[in-house]
Each structure stands twice: as C-alpha cells, then as structure tokens.
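Read the single chain below, which is given as structure tokens and is the form predicted alone.
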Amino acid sequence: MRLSPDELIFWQYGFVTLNATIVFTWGLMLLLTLGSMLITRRLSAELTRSRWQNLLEIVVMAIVQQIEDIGLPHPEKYLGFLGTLFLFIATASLCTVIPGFEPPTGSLSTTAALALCVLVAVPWYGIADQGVGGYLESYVEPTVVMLPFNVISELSRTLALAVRLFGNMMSGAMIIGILLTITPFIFPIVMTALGLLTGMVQAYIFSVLAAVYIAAAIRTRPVAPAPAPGA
C-alpha cells in the first residue's frame, strides 16, 4: 500500500522523476481548464440555459456568497483565487471514484504548495488594499514586541493548512485501501462515499480558512468620527 502518490513513479531519468502526484495534478488542471472552456463557450442570458451553465452559476454564486459572509468586501476580487482552491481540492476528491486515480492532495508536496499559495496571497491582497506600509504596520500591532510572534503565526498557520489537508486526505485513502483487503466489497463502497464527503468538507475548510486569513490581512481601519458642527 502506498502512503503517497509520490511513490507511484511512471517515468524516471536520473534525478528527473515523473510520479503520480505530478501526472494527476496536471490532469486535474487540464480537466478544470477544458471543463470551464466548454461550459462558458456558449453562455446565455436568456431564461433557457444549459444544465452545465446552471450548475456553474450555482457553484459561483455559492462561493461568492460564502466570501461575502466571511466579511470580504467586493468578493469578485477574490473569486478567482479562492474559487480555484476550492474547485481543485473538491475535484481531486470527486475523482477518487475513478479506478487507478490517486488524489494529488494525498501528497504533502501538493498540500504544501497549496498552503504556500495562501501564504503568498495573504500579503498580496493585504498590500493591494492597504499599501506596503499599512500592511507591514499590522505586524507590530499593538506593540513592536509582537513582530516575531506575528511572523511565527504566519508560518505556523501555513504549515497547519498543509498538514491538515494532507493528513485528512491520506488517512481516508489508507482506510479505504485497508478495508478493501479485509472486508466485503459493500463496506468499502460506503467508506468511499464518506471519503467523498470528507474531501468536499476539506475543500470547504481550506478555502474558508484562506478567505479568513485574507480578510484579516485587509481589515479596514476604523474611521474617525466627523467633528460636530460648530466644534
């Protein structure tokens, strides 16, 4: 039993290795890209729309609503990044029903890459909203003593994102693999269905946490009240 798709090697030449993590990651990206192109090539504003367009609108509206609920203003600014995170992780979980497919999110290298994307996106959006000075000032609030603790917090939550997603995805795949060897066929099917649900939950949690971190980075400063007339 493989603990990670990194162990499944399709081709190797010297130090260059093509493993299942790389193949399935690029396969998922190709699937999402082609799927979005096919769905959006004939968008309609009429009452009669295709089922795929209806599904796309439901997904987009749900993501936008969730971003608004978290407290991010102008959710369309963050839809591309947060929506892509959610769809990638969710699609990786849904594709586990395909025989031979191993989700790349079961590799620590993939989850670390996703967490690093969040690590870069947080200051990116924070600086875009407040400027370099305004964003960096948040690291020394309420006092400069908090600077090392705030930096450690940034790094530790990135590590936590990567390890949490990796652990949940890998453990689900391992449990299903063990059950297939020691139990009847029907029980692993039930566990696979639960694994799909767990994968969707992990996609939701990961994207919501990313949104929360971005919201914390762009938090607006209180506006001073206007002086009373005649003051």
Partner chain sequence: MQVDWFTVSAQALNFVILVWLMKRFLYTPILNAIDARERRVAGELADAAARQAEAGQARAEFERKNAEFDQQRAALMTQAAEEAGAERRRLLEEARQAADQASARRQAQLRNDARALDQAIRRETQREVYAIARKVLSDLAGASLEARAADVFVRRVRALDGPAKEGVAETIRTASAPVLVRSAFELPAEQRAAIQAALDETLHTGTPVRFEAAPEVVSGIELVVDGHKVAWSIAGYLASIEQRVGDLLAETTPEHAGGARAVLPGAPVAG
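Owing to the predicted nature of the structure, the values given are computational and were not obtained by experimental measurement. Positions refer to the first chain, counted from 1.
Only in words, not in the display: the form predicted together with the partner chain, which the text now covers.
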query	finding
Contact segment among 115-123, 128-136, 94-102, 142-150, judged by heavy atoms lying within 4.5 Å of the partner chain in the predicted complex	115-123
The single option of I70, L196, I205, M29 touching the partner chain in the predicted complex, heavy atom within 4.5 Å	M29
Heavy atom of A216 within 4.5 Å of the partner chain in the predicted complex	no
Any non-hydrogen atom of R164 within 4.5 angstroms of the partner chain in the predicted complex	no
Interface membership of Q53, the partner chain in the predicted complex, 4.5 Å heavy atom rule	yes
4.5 Å heavy atom contact, T33 and the partner chain in the predicted complex	yes
Residues of 84-106 having any heavy atom within 4.5 Å of the partner chain in the predicted complex, listed in sequence order	T84, L85, L87, F88, P104
